[in-house]
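Read the single chain below, which is given as structure tokens and is the form predicted alone.
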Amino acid sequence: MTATVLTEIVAQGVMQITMNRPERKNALDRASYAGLIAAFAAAEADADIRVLLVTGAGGCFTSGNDIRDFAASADDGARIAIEFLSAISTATKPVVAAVEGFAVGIGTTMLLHCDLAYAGASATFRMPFVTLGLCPEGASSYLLPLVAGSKRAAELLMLGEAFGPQAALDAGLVNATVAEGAALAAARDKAKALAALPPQSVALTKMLLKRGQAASVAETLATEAKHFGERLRSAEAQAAFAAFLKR
């Protein structure tokens, strides 16, 4: 079986983590989440790794949660997704994202925890939680208003409509937009630049940047997770999942 998450050292000090289910647009199932959690833990434990570079295989970042797997796993799917969000939100080393194709649901909200992110010109973002009878996750209900403003955050989270890379840039989700297919190269260049800097200074700067939000992010993750788990069992979510799976 092909691994659903691949890791490789792509430059000195840079570990690339690739979500690898291209046949499902890199939808995240429980095995994928387990692979991501393990990759982040391995990077944290390895002093030679200074930067994490997150991307997706096949020209797609991730289409979000694998709805079929999520619907079948109930609480276990939500639990392991929250474990990953906790891992990326508390990572002590810089996290750089390269986004091409779809970045749906957690594919968008995880960018709020990345230090740098770059999007290709054809990238499509969406947070369709309400559409699926769910609620925001990934501390997005706290972090998105901070970077995008309350009105824009409400529009993106409540309506759940798709938006492009320029809107993602305007909302503070990415640092820059680049030509289609160029996001990984742009992100890798920045990751290499970070890896070449004094690592303790980089880590300290990241900690200082995030320390004012750390408690609120952790509290919001937990609160959202509670409501998300309840929504998974709701009639609205079950109906939305059933309709999705019939498509």
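We number the residues from 1 along the sequence you see. This structure is a prediction, so every number in the text was calculated from the model and none was measured.
Keep in mind that the form predicted in complex with ligand COA is not shown, yet the notes after this line are about it.
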Stretch in contact in the predicted complex with ligand COA, which is absent here, among 184-192, 34-42, 56-64, 208-216 (heavy atoms within 4.5 Å): 56-64
With ligand COA left out of view, which of V178, L52, A27, L221 would have a heavy atom within 4.5 Å of it in the predicted complex? A27
Decide whether F125 counts as a contact residue for ligand COA in the predicted complex under a heavy atom distance cut-off of 4.5 Å. no
So, in the predicted complex, is V104 in contact with ligand COA at a 4.5 angstroms heavy atom limit? yes
Even though the partner isn't displayed, in the predicted complex is E23 close enough to ligand COA, meaning a heavy atom within 4.5 Å? yes
Is the gap between A139 and ligand COA in the predicted complex 4.5 Å or less for some heavy atom pair? no
Give a yes or no on whether every one of Y118, F163 and A167 sits within 4.5 angstroms of ligand COA in the predicted complex by heavy atom. no
